[in-house]
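A single chain, nothing else alongside it, follows as structure tokens in the form predicted alone.
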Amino acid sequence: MTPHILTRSLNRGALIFLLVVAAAGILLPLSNLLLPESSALHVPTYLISLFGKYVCYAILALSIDLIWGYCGILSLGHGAFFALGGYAMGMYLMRQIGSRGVYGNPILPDFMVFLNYKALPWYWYGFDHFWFAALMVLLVPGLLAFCFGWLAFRSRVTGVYLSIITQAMTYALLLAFFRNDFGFGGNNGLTDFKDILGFNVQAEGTRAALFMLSCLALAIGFLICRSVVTSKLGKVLIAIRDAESRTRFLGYRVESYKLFVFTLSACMAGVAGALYVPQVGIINPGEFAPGNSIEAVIWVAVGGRGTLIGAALGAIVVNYAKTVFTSGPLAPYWLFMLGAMFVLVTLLLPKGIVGTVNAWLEPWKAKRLSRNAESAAREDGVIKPNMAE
């Protein structure tokens, strides 16, 4: 019987990663909710929110590694899909405020009342329902990625040209969302959230639940990516990455494969943005900044391009370093440190952290496989009769 595709796609490293994510998703919230603050094992609520933000970044890094590490598509605009998913969730959260806003309008958000809106814009309809907002979290980034990819890949735009176009797309959205008359809060964005599904978004239990959901989303996203890259589809993606012209010559419709994986990646980024917003409490056009997308690519490079686990690890490590160094006297120099980190990793660890570790372990793995093969051959020689006799 053919094993299930998810089971077949998991190796020892993948299982360890999933176990670590599951343990963090269960133990950290329990420590926050059940242990007293005086306990040394108690995790404060602010750390739960901070770790939740790191997990959302890890999902974004996974989505980038899926297209860059395995298909060779270097997108410098994935922050746009992340922000669009965040805005979809932010619009739902704004509709949940109701009459508890500063102006007490049960329909219009405060910024619309301040700007003398007479009625709710049509594109805000439906966001008072969670199911509709969840659908938009996937549909809006996915539809944008599909339309953009269909035009770009059919025109055979590749390499640095594709990267520049994705960055231009992100910058165009940044300028559009900065305008107050677009109905998205302008440069202030969306904030002052109250409830999510009827639960106080500031409550400790809600924060813990959001962290658990983020860990669950990371695990599911990882499983989806592993299923893709270890399947026949993944082999075609790697072939496109390494020799696109030859893959096209063999009869594969390269544009269709690229379009599929690019759209899937955008949907994952949208989910990451949707989980990010209620945990940080705000979404504004700054999330569209091209620098954010470039920084996300650096996470993948640091952790290890084409490893999935390395992408998630790089996002957590780099963002933890950012938290540490931007809260002290080194804060003005963080961008220089980030650039230096990228240069040093490129020169000294071109495969990233996880890729370099895997390269170091390859000789040991080869010797172990060789010993196992020799042992199996000896056992076969003892147990099986000699076919020549």
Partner chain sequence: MPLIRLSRLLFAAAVLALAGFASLPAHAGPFEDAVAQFAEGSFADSEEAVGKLIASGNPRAAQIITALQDQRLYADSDTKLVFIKGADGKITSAATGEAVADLPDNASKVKLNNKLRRTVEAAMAGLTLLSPDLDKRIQAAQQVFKSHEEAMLPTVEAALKAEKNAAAKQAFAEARAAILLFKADAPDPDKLDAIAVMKARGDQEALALLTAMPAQQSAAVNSAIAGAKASIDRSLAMWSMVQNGWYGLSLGSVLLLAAIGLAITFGVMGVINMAHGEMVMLGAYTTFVVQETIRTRYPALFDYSLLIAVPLAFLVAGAIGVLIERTVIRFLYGRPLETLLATWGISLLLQQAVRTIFGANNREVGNPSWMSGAFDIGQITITYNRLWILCFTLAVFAILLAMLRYTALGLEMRAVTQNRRMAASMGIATSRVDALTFGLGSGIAGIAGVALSQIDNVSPNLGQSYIIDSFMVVVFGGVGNLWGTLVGAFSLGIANKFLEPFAGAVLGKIAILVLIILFIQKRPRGLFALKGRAVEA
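Given the structure is predicted, the values throughout are model-derived calculations rather than measurements. Numbering follows the first chain given and starts at 1.
The following text describes the form predicted together with its partner chain, which does not appear among the structures shown.
Here the chain stands alone, but in the predicted bound form its contact with its partner chain, taken as any heavy atom within 4.5 Å, falls in 176-184 among 104-112, 176-184, 89-97, 262-270.
For the marked spot (54, 229 and 247), a heavy atom within 4.5 Å of its partner chain in the predicted bound form is absent from each of the three residues.
Between the options 364, 46, 320, 336, the residue in contact with its partner chain in the predicted bound form by a heavy atom within 4.5 angstroms is 336. Taking 324, 359, 27, 340 one by one, only a single residue has any non-hydrogen atom within 4.5 Å of its partner chain in the predicted bound form, and it is 340. In the predicted bound form, its partner chain lies within 4.5 Å of some heavy atom of residue 305. In the predicted bound form, no heavy atom of residue 205 sits within 4.5 Å of its partner chain.
For the chain shown alone, residue 284 is not a contact residue for its partner chain in the predicted bound form, no non-hydrogen atom being within 4.5 angstroms. Proximity of residue 148 to its partner chain in the predicted bound form falls within the 4.5 Å heavy atom cutoff. Shown here without its partner chain, the chain has no residue in 259-278 lying with a heavy atom within 4.5 Å of that partner in the predicted bound form.
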